[in-house]
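What follows is a single chain, given as structure tokens, in the form predicted alone.
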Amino acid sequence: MIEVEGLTKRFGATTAVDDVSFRVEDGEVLALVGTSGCGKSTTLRMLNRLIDPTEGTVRIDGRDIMQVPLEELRLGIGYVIQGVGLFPHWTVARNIATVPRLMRWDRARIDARVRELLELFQLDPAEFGDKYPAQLSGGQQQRVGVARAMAAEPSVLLMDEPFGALDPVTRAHLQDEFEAIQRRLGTTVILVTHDMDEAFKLADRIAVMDTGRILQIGRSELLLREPQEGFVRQFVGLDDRALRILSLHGVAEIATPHKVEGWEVLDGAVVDQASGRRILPLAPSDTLREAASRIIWEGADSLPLVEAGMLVGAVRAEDVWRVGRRA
């Protein structure tokens, strides 16, 4: 658990972070969002003492970070930045092994951990382990950067705009990978981003910052349905909030486990037996936002849900609209 109380940072007469307090539970992902210069990155850097606070207290698992030896503190916290920061003259494997080597893990344990992380991030160890950062694409470098931060199995991971420099397709793919890995490992994460869609996708809770302060903190749907007046409402964006709410829910939440009459699975698609038209089915991993888009495109009242090649239910348009409607 991370507990932050009254955290403040001044640079001369300028207050960059002003009396910030929050808690992050074990295994939770908290996103700090806001415009450039709002204090979110400065807040993050105080958590591993890249910058010492002017005032306030940070406790990780009950220990005041100012009472923890600096090397011990940083070795126990993974840190990922947008620029990746890989050592250019070290191989991918050696980059990932940086912290375990500093912690004096034995060679067999290090090698096993490097292989595990490369496989987790869908990088073949035989192909990528001996490559150098310059031989990798931007997305591959970012994978290695996140893997390096997670190598020593830290309980806390700090991420500062980790996917910001990537193209939209690579970024979305890496977000999916990271989300799956974080849920599997249960790592506690604080993510800094200016991208609300990224925050909604990856975070359990979101803290909106402006001029060094947290204006509102809460679960994604709360911020969409009940944003505070002023900056929060403007930053969250209200024009497409129904779609953003739908993106927070999966089709499995509202699927009707029957009403599959009239459809049949054929060659990976679903055929409407009455019209003979082929319909791209929904999968349990799809969001209601994806379901809404397909319902509109197909002009349908419902769409089939397919899992492992079998019809398992249907998603009705009226149920999708109900979730996205104002409460």
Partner chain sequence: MSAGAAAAPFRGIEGAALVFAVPAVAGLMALPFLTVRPNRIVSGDPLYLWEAAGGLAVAALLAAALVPLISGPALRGGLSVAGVALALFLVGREADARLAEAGDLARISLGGGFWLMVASFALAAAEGLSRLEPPPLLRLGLTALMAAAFGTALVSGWFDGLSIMQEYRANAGAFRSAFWGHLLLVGGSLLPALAIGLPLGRACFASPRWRRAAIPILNILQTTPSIAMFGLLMVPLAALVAAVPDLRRLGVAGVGATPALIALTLYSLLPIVTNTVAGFAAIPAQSREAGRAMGMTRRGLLIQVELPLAAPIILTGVRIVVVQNIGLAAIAALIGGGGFGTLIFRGMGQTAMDLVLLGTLPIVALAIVATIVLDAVIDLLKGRRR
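Being a predicted model, the structure only gives us computed values, none of them experimental. Positions refer to the first chain, counted from 1.
What follows is about the form predicted in complex with its partner chain, which we do not show.
- The shortest heavy atom separation between Asn48 and its partner chain in the model of the complex is within 4.5 Å.
- Its partner chain is not shown here, but in the model of the complex it comes within 4.5 Å of a heavy atom of Glu71.
- Not displayed here, its partner chain is kept clear of Arg143 by more than 4.5 Å at the level of heavy atoms in the model of the complex.
- Residue contact check for His89: one or more of its heavy atoms lie within 4.5 Å of its partner chain in the model of the complex.
- You can rule out all but one of 203-211, 128-136, 241-249, 216-224: in the model of the complex, only 128-136 has residues with a heavy atom within 4.5 Å of its partner chain.
- Shown without its partner, this chain lists Leu174, Val236, Met159, Val99 as candidates; in the model of the complex, only Val99 has a non-hydrogen atom within 4.5 angstroms of its partner chain.
- The partner is absent here, but in the model of the complex a heavy atom of Ile81, alone among Leu185, Leu120, Ile254, Ile81, sits within 4.5 Å of its partner chain.
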